[in-house]
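One chain is shown next in structure tokens, namely the form predicted alone.
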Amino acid sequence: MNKFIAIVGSNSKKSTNREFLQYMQSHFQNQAEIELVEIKDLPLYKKSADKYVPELALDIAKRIEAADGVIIATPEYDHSIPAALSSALAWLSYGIHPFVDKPVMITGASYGSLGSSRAQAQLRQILDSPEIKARIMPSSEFLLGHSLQAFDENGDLKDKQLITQLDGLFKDFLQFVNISKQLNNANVVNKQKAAEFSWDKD
């Protein structure tokens, strides 16, 4: 059984993105082991002369490296991902590169009708950056709009059509992960290039 890390892309104590990942954890428990990871206790990203990386970021990086894939649920603020998620991804690409060639499924929930669509598009760009270089599942947007009304009293999604869509996308992700395991011939070089990349160099 595959093991996935599910990153709650919010530092809010009450987040429908956390609620959604908890639903996925339960709903797909017979297909994969999904471990939720919080970013809310990470400090704001800041470069330092000694390239210090917080212990929590190092721990999250180890979990990502050991996992078969990553699921990220992002809210949308001002047409973009939250500052907390951006900061977390900066830590996770600062001298450490756990995302290189790692299969990633992007999801997201928002209070409005668009379900974090713009934030998800931005997140794809960030994950494809030279320092991160994740392997993002294509054509896989899952947009949970009106998320405050999306769950019942048991924490389950109410909309049967959305559940069917999610089931299909998760099945695709399982196949994507298995295919990705055969596409790692350049992984060592890719990690080296990520480690050597710097925006400060010409």
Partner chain sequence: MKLVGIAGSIADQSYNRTLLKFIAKHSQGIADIEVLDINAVPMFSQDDDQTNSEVIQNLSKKISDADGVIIATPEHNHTVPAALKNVIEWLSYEIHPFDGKPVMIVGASYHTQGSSRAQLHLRQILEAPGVNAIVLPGNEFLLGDVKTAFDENGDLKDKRTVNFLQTTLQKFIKFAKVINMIDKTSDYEDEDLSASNKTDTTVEGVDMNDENWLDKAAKKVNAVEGDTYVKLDSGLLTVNQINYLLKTTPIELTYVDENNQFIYYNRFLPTDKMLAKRTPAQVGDSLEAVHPGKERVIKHVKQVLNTLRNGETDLVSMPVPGNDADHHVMHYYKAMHDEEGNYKGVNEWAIDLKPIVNEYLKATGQKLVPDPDNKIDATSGASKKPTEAVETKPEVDATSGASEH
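Residue numbers count along the first chain shown, from 1. Model, not experiment: these values are computed from the prediction.
Not pictured, yet referred to below: the form predicted in complex with its partner chain.
- In plain terms, the part of the chain that comes close to its partner chain in the predicted complex, with a heavy atom within 4.5 Å, is 129 to 137 out of 25 to 33, 129 to 137, 146 to 154, 62 to 70.
- This chain appears without its partner; in the predicted complex, the one residue of Pro82, Pro103, Pro98, Gly115 with a heavy atom within 4.5 Å of its partner chain is Pro82.
- Only one of the listed residues (Gln192, Asn178, Asn185, Ser12) places a non-hydrogen atom within 4.5 angstroms of its partner chain in the predicted complex, and that residue is Ser12.
- Contact check for Ser93: a non-hydrogen atom falls within 4.5 Å of its partner chain in the predicted complex.
- Taking non-hydrogen atoms only, Lys47 approaches its partner chain to within 4.5 angstroms in the predicted complex.
- For the chain shown alone, Leu169 is not a contact residue for its partner chain in the predicted complex, no non-hydrogen atom being within 4.5 angstroms.
- Its partner chain is not drawn, but in the predicted complex it has a heavy atom within 4.5 Å of Leu42.
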